[in-house]
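Only one chain comes next, encoded as structure tokens, the form predicted on its own.
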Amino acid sequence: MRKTFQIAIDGPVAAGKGTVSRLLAQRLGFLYVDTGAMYRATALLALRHEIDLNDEDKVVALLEKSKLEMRNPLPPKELDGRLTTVILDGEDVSWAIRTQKCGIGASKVAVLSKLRKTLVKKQQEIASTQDVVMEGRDITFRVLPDADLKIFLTANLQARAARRHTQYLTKGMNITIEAVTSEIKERDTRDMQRKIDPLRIVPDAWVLDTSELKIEEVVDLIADKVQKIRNRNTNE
């Protein structure tokens, strides 16, 4: 019988999933698992080796030969604004995978069924051994279908574009808000129309719109919900 507490969070790009999940994990003492970072790291790996992102067998073979690790940031060096620390073959690529190119690449490799099975198995193993806050685009229905709390975190296009634009500027990337908006629209289309596990809202998910909410308010709402679930489980 599973004894770990699992929080599964899905939602579109730039809805605040990463920041909310990281802060929530800190609040609860859980492990934060950014599944999107795994796909970004895979894209970076393929790009560096000049492998076609559509060549499933080569991409999977390359991933299986590489070592991909994730952990919560360690103080003081890793407390530089990152949400998670990603180590690829011994190299800290936490920021290298956050480029626009890796984001686009991640959505491309995410349609590879063999690759997804490999990463999903890894994600499920992590969640079976410790309490987790796991976020992505197929967590509530593919990775953790029996999670204690399922959330679909969303926001309107304007809010998401503004957030992503700020992220790019913070990292010194000169890009217009119009370009960011276009990028998000294209990403939404790919995520919702892909043949394998398209982004969707499961019936038992809590749909939480963060458009008009501050990050701290979102974290408070979810933390309160978790406490209610724990209290209910204790009384059963």
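Being a predicted model, the structure only gives us computed values, none of them experimental. We number the residues from 1 along the sequence you see.
One more form of this protein exists, namely the form predicted together with ligand DC; it is left out here, but the text below deals with it.
The shortest heavy atom separation between R194 and ligand DC in the predicted bound form is within 4.5 Å. For I139, a non-hydrogen atom is located within 4.5 Å of ligand DC in the predicted bound form, even though that partner is not displayed.
When contacts are judged by a 4.5 Å heavy atom cut-off, A110 counts as touching ligand DC in the predicted bound form. Interface membership of K122, defined by any non-hydrogen atom within 4.5 Å of ligand DC in the predicted bound form, is ruled out. Looking at ligand DC in the predicted bound form, residues R40, R98 and R187 each place a heavy atom within 4.5 Å of it.
Residue in contact with ligand DC in the predicted bound form (any heavy atom within 4.5 Å), chosen from V86, L144, V132, A106: A106. Segments offered: 50-58, 30-38, 205-213, 171-179. Contacting ligand DC in the predicted bound form at heavy atom distances within 4.5 Å is 30-38. Shown here without ligand DC, the chain has no residue in 58-84 lying with a heavy atom within 4.5 Å of that partner in the predicted bound form.
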